[in-house]
Structures are given as structure tokens and as C-alpha cells.
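Only one chain comes next, encoded as C-alpha cells, the form predicted on its own.
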């Protein structure tokens, strides 16, 4: 056991088994040994779309500006990114907006929602040309609910802690983390949950089937949608996930680009789970906004003209043309990221359809 394993084992001994969601929360956010507190995961464990091609962040920024235009350019908009990583997406977005819609930035406030002190430092360095108009906060809350909201969340909801329930002969039992033979292990709770807790579209799961849900992620999606509906603006959610009910577990650990055991060396790897986009869309509708998608990333980026944008970039940088083309192919190719990644768009009711969802 590493240090965090030992502390988790002590917690289990004192308070009993942990839910998978509790375990994920500790592994990712423990202030002394959690992944986001002490490790730079982007580039070490995985790479995100903004790090692959600048066109991704540029198009996300232009999407936000276009939604703002379509709604009559409401005053004092707020551009927010959840989980901004190293600041690459926001840097590309701001550069594109400054060139195409400078009037948006004249009146806009930019807020980065980030819990990691290490990543906040990286973001400040990346965005040092813009920091006069940028602020940071640790969570999305009521402070962001008083103005028109243009929100971008790329690979954010996959890190929201999930609870797992397994179909057994005696009903749906929650998967827990316990200690067995001095090691962390999974076990099922002895008492099944109330059947009404499981959505009706999962009732026909085979024995051994798994239902995953991210309560905190769904609550956040509903809160974002409520703000969008009340104040105007829009939200763009991009992540890897599925758009139909499934019965398999998707929780995974990645360290240095390789999959690893979820329970092995907690805090030393990045934990995530595929996003249930249908549940996310339902939560957003409960918040009151109109919901578009999910659509595949390849279709979304194609509608936003990533091809012509990449061609212009290649003409301006002929020595890097092959590199640019390969990066864009990675984003849009259905055999790579194009189909696995989905996109959801939220805007207020009775406002124009956002770009990318026709």
C-alpha cells in the first residue's frame, strides 16, 4: 500500500466500507496525496483535445461568441470553463474570440473553475496575456449565476465520482471499497437498494450488469441549465461517453498513458468514468433549458467547419501541415476520438439553436 492506500484503509476500519464515489473523491481530491492536488496528469497520464490541436479550443470559443450574438449580445456575459487543465483551451478560445468577436471580450468576465493549485499556476502562466480579466474559483456556485453564462466543460464530467450498482439474484447491490487481506478490494453491500432507485430503463439488466451514476455531475448539469435558462447564454459539454443505456462498468485508472488497476496505488493515477449523456441531458432539461444533442464530436466539429479552419492553418504553416492534419484527424476520425466523444449544448428556451447541432 502507498500512503493514500493506508489512509483509506484506516478510514474504512473506522467508518466502514466506502462507496466507489467516496473512494474516487479521495483519490482525486485529497489535499495531501490526491491526483489533482499533487500531480500533473495532462501530458503524463493522458492528453486532451485542446492539447492535440489549437482548432478545438478556437472553435469552442467561437461557439460561445456565436451563441452570445444569436441571443442579442446580452450585457456583461461571463465566459466560464470547468476544469481548464493547463489553460490551453481557454488561451485558444480567447485568441479566436479576440480576432472574430472583440466586442464580446470588451464586456465579458472570464472565470476558470479549478480545484488544483498546481493547475491554477499553469493556467496563470498560459494566460498571462489575459490575466487582468480572468479570475479563479474552486467550484461552480451561486457566484456564477447572476449574469449571462457561456460555459465550456471539456473532459470535466468524466471525473465526477460515480456510484456503481450491480444486479444480483437478490436485487441491485451497491459496489463498495473494503479491505481484504491488507489490500483494498471491491465488495457488494449485503442489502439491496430500493428498486425505485434504479431507472426503469435499467430494470432488465442481466445478472452481473452494472448501473453507474454520477449524482454530483447530474446535480451540476441541472444547476448550469437553470442558470442558462434564467440568465441567458449557453453551455457546451464535451466528453467521452455513451448515449444509450448500458450495463457495463466504465470506471478506469490511467497512469503514464497506460491503464492500471483502479484500487492499486490510489492517487498515483487518474480516475474517470464514461459519461452517461442521456442522464446528463435529462438533468439539464430538469434545470429548465433547451438541450441539443448529444451528437458525436466528429459531427459537431465538422459543422463548425474544422476542415476549412485546419486548411487555413496549414497554408499559414506549411512546414507543419502534416502535423496539423494528423491532429485534426485524431479529433474527428470515428475510429479515434470522433465517435467516442459526445457533445451536448444547452441554451435557454425560445432562443436560436446553437451551432453544431443541426
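None of these values were measured; they are calculated from a predicted model. Numbering follows the first chain given and starts at 1.
Not pictured, yet referred to below: the form predicted in complex with S-adenosyl-L-homocysteine.
At 4.5 Å between heavy atoms, is residue 154 in contact with S-adenosyl-L-homocysteine in the model of the complex? Answer yes; at least one heavy atom of residue 154 falls within 4.5 Å of S-adenosyl-L-homocysteine in the model of the complex.
Determine whether any heavy atom of residue 290 comes within 4.5 Å of a heavy atom of S-adenosyl-L-homocysteine in the model of the complex, and answer yes or no. No.
Can residue 252 be called a contact residue for S-adenosyl-L-homocysteine in the model of the complex at 4.5 Å between heavy atoms? It does not: once S-adenosyl-L-homocysteine is placed as it appears in the model of the complex, residue 252 has no heavy atom within 4.5 Å of it.
Interface membership of residue 114, S-adenosyl-L-homocysteine in the model of the complex, 4.5 Å heavy atom rule: Yes - in the model of the complex, heavy atoms of residue 114 and S-adenosyl-L-homocysteine come within 4.5 Å of each other.
Do all of 78, 141 and 222 end up near S-adenosyl-L-homocysteine in the model of the complex, with near meaning a heavy atom within 4.5 Å? No residue of the spot touches S-adenosyl-L-homocysteine in the model of the complex.
To verify the annotation, which of these, 93, 235, 280, 160, has a non-hydrogen atom within 4.5 Å of S-adenosyl-L-homocysteine in the model of the complex? Checked against the cut-off, the match is 160.
Which one of 83, 192, 241, 148 is close to S-adenosyl-L-homocysteine in the model of the complex, taking close to mean a heavy atom within 4.5 Å? If I apply the 4.5 Å criterion carefully, the residue I get is 83.
Okay, which stretch from 98 to 106, 165 to 173, 281 to 289, 83 to 91 lines S-adenosyl-L-homocysteine in the model of the complex, with non-hydrogen atoms inside 4.5 Å? Among the listed stretches, the partner-contacting one is 83 to 91.
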